[in-house]
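As a starting point, one isolated chain is supplied in structure tokens, in the form predicted alone.
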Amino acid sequence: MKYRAKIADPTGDRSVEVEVHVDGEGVLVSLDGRKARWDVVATPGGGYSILRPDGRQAEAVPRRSPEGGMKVRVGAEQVTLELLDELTARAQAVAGKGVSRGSGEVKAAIPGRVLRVLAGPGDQVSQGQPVVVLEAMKMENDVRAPRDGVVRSVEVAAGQAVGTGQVLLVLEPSV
């Protein structure tokens, strides 16, 4: 099964498509379509010793966070990780929770038709605020701002058909 991993670490937030298969030779991991074999061995205390495809070794210790995700200590660094199945990841994207905070692009998580554009160039928007309304499968879906910002441009118009991943509008950080 494919998952969408939302990762927050010192380098920033990102989202990665993950697929994992365990077999007799180790763990086959696909990250955004790039497959590699990883050697993973459980260690005392609930951690794992990981030998990466590039030959580097790391110790990883996962712990559940109060928010429901995972905090994983890899060496000296801590990473926050949330694994979502594809349907949940799309639903969160529609709700404005699935887009990386670093991204200024607000994209359609599902194909549909634009019913209304609720924000225009120069408008100040807040994280979670509806900015576009899409109709998909005869249901109205609010597309929400993934972060606070100012609308730089609107890339769609009411009545327009859009596909999954199509940019609806672009935000720039508030000053």
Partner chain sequence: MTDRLLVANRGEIAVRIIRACRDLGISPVAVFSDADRSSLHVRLADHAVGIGPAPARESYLVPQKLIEAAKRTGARLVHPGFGFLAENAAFARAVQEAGLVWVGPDPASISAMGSKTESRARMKAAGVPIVPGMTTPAKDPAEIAAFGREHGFPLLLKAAAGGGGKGMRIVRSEDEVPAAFERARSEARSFFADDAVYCELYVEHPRHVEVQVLGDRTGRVVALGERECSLQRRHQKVLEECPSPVVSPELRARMEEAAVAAARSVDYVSAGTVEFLLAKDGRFFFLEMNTRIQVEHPVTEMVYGVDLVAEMIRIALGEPMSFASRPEPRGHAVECRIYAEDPARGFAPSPGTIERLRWPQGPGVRVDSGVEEGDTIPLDYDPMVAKIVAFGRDRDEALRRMRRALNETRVEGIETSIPFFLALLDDPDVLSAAVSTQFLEAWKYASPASSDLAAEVALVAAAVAATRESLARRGSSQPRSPSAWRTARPTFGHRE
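Residue numbers count along the first chain shown, from 1. No experiment lies behind these values; they were computed from the predicted model shown.
A second form of this protein, the form predicted together with the partner chain, is not displayed here; the remarks below concern that form.
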item	value
Heavy atom of each of 43, 52 and 74 within 4.5 Å of the partner chain in the model of the complex	yes
is_contact(residue 112, the partner chain) in the model of the complex, heavy atom dist at most 4.5 Å	yes
Residue contact check: residue 168 to the partner chain in the model of the complex, 4.5 Å heavy atom	no
4.5 Å heavy atom contact, residue 9 and the partner chain in the model of the complex	yes
Exercise: residue 37 in contact with the partner chain in the model of the complex, heavy atom 4.5 Å	yes
Stretch 47-65: residues contacting the partner chain in the model of the complex, 4.5 Å heavy atom cut-off	48, 49, 50, 51, 52, 53, 54, 55, 56, 57, 58, 59, 60, 61, 62, 63, 64
Pairwise C-alpha change, residue 16 versus residue 136, in the model of the complex against this form - closer or farther, 3 angstroms or more	farther
